[in-house]
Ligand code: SAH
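Next up: just one chain, as structure tokens, the form predicted on its own.
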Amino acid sequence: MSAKVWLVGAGPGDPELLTLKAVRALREANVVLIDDLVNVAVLEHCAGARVITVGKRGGCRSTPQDFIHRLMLRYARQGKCVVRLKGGDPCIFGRGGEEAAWLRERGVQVELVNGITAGLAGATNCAVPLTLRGVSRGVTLVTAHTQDDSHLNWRALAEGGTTLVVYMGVAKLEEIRQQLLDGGMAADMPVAMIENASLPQQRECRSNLLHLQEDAHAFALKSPAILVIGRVAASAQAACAVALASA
């Protein structure tokens, strides 16, 4: 059998957001390497597979990436159907690109299966349209956590005029707030903080850039959470009123 690995996005948490292609890959799987943030309810689609937890969480003890690479390669070379099951989308802050490249360099066939990313699902569940005619003509997805501690060009993001969706930013709220303010973003810019996107325990808090840190503290915001920063993050009624007025 030819070696093959599926890099599958499980979506943000709600098992009903799995794609049909993801379900097919899980049904064919012999081995599933599952991330921490994946809802275990999706494993009902691969009841006969061996499931191995290879969790990676910021600030927590995590499975080394090299070990995950070697596991995928080992089982693929045994002729098994391997699914690397990731939260959200494998190619949006999920290392899908680097894992696919590493496997292909070793002659392993790889297929990527998109999943719904938390920024989209969380915003939708809070009635926040990431783009809205007359309000926002684009979306920028960024992560506040980088492997090499490099810094984003927050000034360019502040001036870009798109809706900002910030992943992994809970520990850096004050830095995000100050950098965007210094970059010229309005202090009253609406912010939606969304925790546990798409899950029954999802929570949201509406604030603005000026009061982001204090409101997050009062709300006791915890990871996993995303920030939606932009005029669309006002109440749905207010954002739509702006759009209608400018139509």
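These figures come from a predicted structure and were not determined experimentally. Each residue number is its position in the shown sequence, starting from 1.
Quick note: we don't show the form predicted together with S-adenosyl-L-homocysteine (SAH), though the next part is all about it.
Put simply, L103 is far from S-adenosyl-L-homocysteine (SAH) in the predicted complex: not one heavy atom of it is within 4.5 Å. For P224, a non-hydrogen atom is located within 4.5 Å of S-adenosyl-L-homocysteine (SAH) in the predicted complex, even though that partner is not displayed. S-adenosyl-L-homocysteine (SAH) is not shown here, but in the predicted complex it comes within 4.5 Å of a heavy atom of T117.
In the predicted complex, none of the heavy atoms of T63 sits within 4.5 Å of a heavy atom of S-adenosyl-L-homocysteine (SAH).
Just one listed stretch, out of 155 to 163, 91 to 99, 132 to 140, 105 to 113, contacts S-adenosyl-L-homocysteine (SAH) in the predicted complex at the 4.5 Å heavy atom level, and that stretch is 91 to 99.
With the partner removed from view, the residue among C81, C126, M168, L73 that has a non-hydrogen atom within 4.5 Å of S-adenosyl-L-homocysteine (SAH) in the predicted complex turns out to be M168. Residue in contact with S-adenosyl-L-homocysteine (SAH) in the predicted complex (any heavy atom within 4.5 Å), chosen from L37, I68, M189, L181: L37. Shown here without S-adenosyl-L-homocysteine (SAH), the chain has no residue in 120 to 145 lying with a heavy atom within 4.5 Å of that partner in the predicted complex.
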